[in-house]
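Form predicted alone, single chain, as structure tokens, below.
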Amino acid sequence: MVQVNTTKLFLRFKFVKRGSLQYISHLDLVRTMHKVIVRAKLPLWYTEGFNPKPKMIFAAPLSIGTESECEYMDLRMSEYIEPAEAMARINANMTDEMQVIEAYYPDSKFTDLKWMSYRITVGDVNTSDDLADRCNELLLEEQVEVQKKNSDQMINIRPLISSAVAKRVENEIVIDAVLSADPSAFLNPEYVVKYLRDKGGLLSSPDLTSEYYEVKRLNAYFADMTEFR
């Protein structure tokens, strides 16, 4: 067995969350993962006290209705286990819609995660090249102001957008955006959709059944835009 310092031995899991599982809340995800890791019989470290619990840490929780190709969970281990073995044990207890795709002992912390990329796909009855151009013009403005959720306050989200490009793809508008994932300044991609709806006329049909949008998280990055690990 490999001899390592187990004072704070965290194993990181990168996993996908797709399909119908995009509709479970973060709290439901935590509960599900707790059951999965117990069934996987990993060498978990538990808190002390009347109700011992494994140490689980998640990065940048997803909003309900968002698919993801890069979710992260750190688990504290009580002893060393090969990452490939841990990944196989967890995946044996998961569905096809949620699978671990990487497992490793990290050198970074979740506070080092600064940016995340998203693809927003919009089915709009007015889809056109002009609408895509209008979205791009709005996203390049110095003041990208939206109303803060549950508040009358307007906030400028422009500093939290590293890049955002819209293009027409057949009958849809596809927006590729890199947004802040800093815990102190996290930007939900829903705010980008809201801004373009309010200012650009995106998703403006009174018939709600005629239009739609989907959000998928694609990747994660350090401050220098190298891939997060």
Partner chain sequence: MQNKNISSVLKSVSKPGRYIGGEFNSIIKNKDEVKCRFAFCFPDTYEIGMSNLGVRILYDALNKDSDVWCERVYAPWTDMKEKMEQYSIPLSAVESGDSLDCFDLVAFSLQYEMCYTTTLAMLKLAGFPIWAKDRAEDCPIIVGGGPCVYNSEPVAEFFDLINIGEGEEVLLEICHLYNKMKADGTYTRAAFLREASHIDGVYIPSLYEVSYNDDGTIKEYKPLYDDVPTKIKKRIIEDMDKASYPEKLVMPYIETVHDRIVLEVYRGCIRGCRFCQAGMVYRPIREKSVETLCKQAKCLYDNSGYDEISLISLSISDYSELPRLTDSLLEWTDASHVSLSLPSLRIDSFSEELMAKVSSVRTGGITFAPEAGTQRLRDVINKNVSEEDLMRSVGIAFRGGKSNVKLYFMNGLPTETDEDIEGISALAKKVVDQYYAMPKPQRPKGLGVTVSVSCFVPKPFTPFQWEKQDTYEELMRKQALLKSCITDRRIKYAYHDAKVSFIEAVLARGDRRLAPAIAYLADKGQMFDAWDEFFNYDLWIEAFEKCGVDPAFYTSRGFGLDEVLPWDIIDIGVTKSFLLRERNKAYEGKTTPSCAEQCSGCGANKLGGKNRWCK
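Residue numbers count along the first chain shown, from 1. Quantities reported herein were computed from a predicted structural model and do not represent experimental measurements.
Another form, the form predicted in complex with its partner chain, is not on view; read the next lines as being about it.
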{"property": "In the predicted complex, residue 51 touching its partner chain (heavy atom, 4.5 Å)", "result": "yes"}
{"property": "Close approach of residue 94 to its partner chain in the predicted complex, 4.5 Å, heavy atom", "result": "yes"}
{"property": "In the predicted complex, residue 15 touching its partner chain (heavy atom, 4.5 Å)", "result": "no"}
{"property": "Touches its partner chain in the predicted complex: residue 221 (any heavy atom, 4.5 Å)", "result": "no"}
{"property": "Segment assignment from 86-94, 128-136, 72-80, 146-154: heavy atom within 4.5 Å of its partner chain in the predicted complex", "result": "86-94"}
{"property": "Contacts with its partner chain in the predicted complex - residues in 28-56 whose heavy atoms fall within 4.5 Å", "result": "28, 31, 32, 34, 35, 38, 39, 41, 46, 50, 51, 52, 53"}
